[in-house]
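Quick heads-up: it's one chain on its own, the form predicted on its own, in structure tokens.
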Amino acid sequence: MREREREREREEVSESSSSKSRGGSCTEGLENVLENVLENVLNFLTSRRDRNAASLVCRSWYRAEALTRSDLFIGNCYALSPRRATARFTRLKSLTVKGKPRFADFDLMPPDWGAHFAPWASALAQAYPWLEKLHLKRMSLTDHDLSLLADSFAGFRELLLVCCEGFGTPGLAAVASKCRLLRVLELVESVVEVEDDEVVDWISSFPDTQTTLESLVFDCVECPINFDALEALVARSPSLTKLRLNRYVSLPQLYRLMLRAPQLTHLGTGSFSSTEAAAVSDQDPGYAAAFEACRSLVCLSGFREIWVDYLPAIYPVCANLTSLNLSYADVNAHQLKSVIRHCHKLQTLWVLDSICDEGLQAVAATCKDLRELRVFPVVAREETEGPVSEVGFEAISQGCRKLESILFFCQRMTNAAVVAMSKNCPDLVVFRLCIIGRYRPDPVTLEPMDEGFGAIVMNCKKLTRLAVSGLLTDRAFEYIGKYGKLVRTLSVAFNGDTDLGLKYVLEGCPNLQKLEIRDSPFGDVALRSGLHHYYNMRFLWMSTCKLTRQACQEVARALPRLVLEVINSDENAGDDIQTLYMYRSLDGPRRDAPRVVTILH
């Protein structure tokens, strides 16, 4: 009897262990199925924010998101090391890296501050031999870096360099000659080093066979190019739709290129002038006909040395234009009106303030579909009386009610005009009003500009980027903190009242990512008020404010995962804080800081 019971127990144990074994394999199989399903689902996520959110769900989602990410955006090259980025994301095909903060564009940073691309170039060459796209902004890279990229990526297709520096024509030649599948080469507002003894004919370095080029942008390259080679390149690039030329390409040469590439959709005209006698003779080569043949042209820019007598040549394409950039063309109101009256489909317009209020009124009367407007100053002096004012500004708000983004430089502005803009254009996402001059009030009422900017944040519910100027009190910043719940980027220059104003912003704007402040009275109390939020921000920039080293040191100790850089042009500045640049980093302080930079611990 006992033997039967023991045998029965052994059978039950055997069945139990067999069942557990089957259950374990089923569980593992189920996990594999779920991971495969999750990876397939994540492949449909294209938004960076959605992917970042998905990676925070749990560890398995974190791993799956990294494995399925092919496109990576890094907003600060010092936020993490190249080693960390390549270790986590192993299947990247496209990478965007940003270096210096935006105020570097205004010469507010030492030229040798950093943002060197060399460490990234080495890491990428080893980790991603299949890399196809690289976008860099405000980075410092050398010809050697470009040569390394060209040698390392056999399938490289796209290179975009925005506001970059340190490289020259030899590096461009390496990319052109070795990246035989190149589709996009764009140099935008970058500084290309030009030494007479080192200039290379980089245009001639492209393959002699038919190319895959779709976009070629080199309007910032300040040296002559081999035009015959350029013309031949355009002729053997049937997919080329975007071409922006530098100022060394004349109007007659532009004419020849347009005949070769009538398929262009985006054109930067180069100088739009000529030193050739034929250009001003009675033998007109038919510039208008060349433009008319480009029936797909929707974006027009350039005009760096414009001959206004030839502006009528662009009339045939104006009806189809959605984007027009005249920010290098010093045209007056009459000349602009002759063009703008044809541009009924225009959505993006960049101009100089030489067009005056009269020109803005013409834009308002014609461009009912306008979404983005930028008005730059010809002369940015506060002692001069500017040619644009609240008159043209309010006309735009009344006539262009679909406006989503505006950058407006002026010497005077009224609260009434800004309030009108907030009511007439409630879909504004970007509002940057730059009143040139320090602490300028409303010229009509002599009141601060508080109510104008308050109306913007109250009435424009989609606002994510805001730049304020003029005479402002704490009340304006209270409005921003109370109503600017979606504001991600705030720029403050030459205004402010007390530390309370900045406290309102830091405590009231939960989505604030980038805060740029220059020449303002904010000090230690304001800095300390953001301790709860700094880990959520990409960076804080404060220059020529009222900060002390002691307060900055306190923040560095309280938030050890933040990097606080004190930048002083004078190495012997002592305790003075000329500039504070604070950002989050997963890998701690960088190792390439120059002497003028002190990193606080």
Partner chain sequence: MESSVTYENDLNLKATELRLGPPGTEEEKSVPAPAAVRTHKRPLNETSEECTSKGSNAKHGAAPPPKAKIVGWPPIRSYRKNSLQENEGAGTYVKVSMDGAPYLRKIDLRVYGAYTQLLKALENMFKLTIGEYSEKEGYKGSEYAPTYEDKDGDWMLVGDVPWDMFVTSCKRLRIMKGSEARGLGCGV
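Everything numeric in this text was worked out from a predicted model, so none of it was measured. Numbering follows the first chain given and starts at 1.
The protein also exists as the form predicted in complex with the partner chain; that form is not presented, and the subsequent description refers to it.
When the partner chain is considered in the predicted complex, Arg438 lines it closely, a heavy atom lying within 4.5 Å.
In the predicted complex, at least one heavy atom of Cys434 sits within 4.5 Å of a heavy atom of the partner chain.
Contact annotation for Glu158: none of its heavy atoms lies within 4.5 Å of the partner chain in the predicted complex. The partner chain in the predicted complex is not approached by Tyr483, whose heavy atoms all lie more than 4.5 angstroms from it. Considering the partner chain in the predicted complex, the lone stretch of 212-220, 233-241, 128-136, 112-120 in range is 212-220 [heavy atom distance within 4.5 Å]. For the candidate set Thr498, Asn332, Ser338, Thr464, a heavy atom within 4.5 Å of the partner chain in the predicted complex is found for exactly one residue, namely Asn332. Between the partner chain and the residues Tyr248, Tyr315, Phe73, Trp307, the one pair within 4.5 Å by heavy atoms in the predicted complex involves Trp307. Residues of 347-383 that come within 4.5 Å of the partner chain in the predicted complex, judged by any heavy atom, are Trp350, Leu352, Cys356, Glu358, Phe376, Pro377, Val378, Val379, Ala380, Arg381, Glu382, Glu383 in sequence order.
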